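Single chain ahead, by itself, as structure tokens, in the form predicted alone.
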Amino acid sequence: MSPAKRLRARMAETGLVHIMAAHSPLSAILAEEAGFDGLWASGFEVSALYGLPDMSLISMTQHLDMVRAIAGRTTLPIVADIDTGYGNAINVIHTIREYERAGASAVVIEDKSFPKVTSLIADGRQELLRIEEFRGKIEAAVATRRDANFLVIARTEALIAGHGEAEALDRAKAYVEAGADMILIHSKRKDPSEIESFSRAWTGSVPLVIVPNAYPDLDAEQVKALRNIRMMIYGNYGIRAAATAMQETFRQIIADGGVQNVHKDILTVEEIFRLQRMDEVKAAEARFLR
């Protein structure tokens, strides 16, 4: 069973899958060990890893290389954040081919204009494409995929852009007509009211995806009660957790003039060896090095 088919099966089995953002193979390994159903190859996180804002500044090649590296170190399905698809519908054809070949099980493509600006920034430039133009991107993605289980998830930013629920519903319905397998509805309100209202109003034939970054109090039980949400993506928690730990540790070392007070609170080198699968390397050395 392909990872894409496993992702669909997991959604059917549990009703709701939990997808953790990853910005590196190591973060993917940690997410798999924690028990997540899949990985979010996050543009925000990879941009942050490069020290850049999430504004279409990293290239498709940079993001794709990370997806390929992650796929090589995990068995979890990967949902790739491809932003606006790196261009028009013709670019999307190339993008889908490359991401599927790299090991992604799904892509999320959003209806903003290129270059995009991250959704959660205050007073950000949030410009949406014409519905017909974005429909063409979805149709191109669906027509290009080789594995019928590969998910094409259409993300509407209508609520982010301040256009309201009616516009968001109209766009979502049009994207389903174009062949989208799921709709990601995004909101930056500090409470889940927009998401709950949209979910109740949604009568489309495909399920919804949410990214509860701005409204973290919405938990899995509440989401299941909304009935038509099948995927929760934890969009930037990996890089924020990593940056928190590094920031605190680095500052403590400078304050203490050494590592005497931090070494006991961080992972041991032996644990890093385990995550790197050094035991496999040692076994290979014993078998093959003469």
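Start at 1 with the first residue shown and count on from there. For clarity, every value in this text was computed on a predicted model and none was experimentally measured.
What follows is about the form predicted together with a small molecule, which we do not show.
When contacts are judged by a 4.5 Å heavy atom cut-off, Thr95 does not count as touching the small molecule in the model of the complex.
The shortest heavy atom separation between Gly235 and the small molecule in the model of the complex is within 4.5 Å. Interface residue remark: Ala178 is not counted as part of the site for the small molecule in the model of the complex, having no heavy atom within 4.5 Å. The closest heavy atom approach of Asp37 to the small molecule in the model of the complex falls outside 4.5 Å.
Each of Asp54, Ser119 and Arg155 comes within 4.5 Å of the small molecule in the model of the complex, counting any heavy atom. With the partner omitted from this view, the residue of Val211, Leu159, Leu208, Ile138 that lies near the small molecule in the model of the complex is Val211 [heavy atom within 4.5 Å].
Only one segment in the set 260-268, 223-231, 39-47, 26-34 has residues whose heavy atoms sit within 4.5 Å of the small molecule in the model of the complex; it is 39-47.
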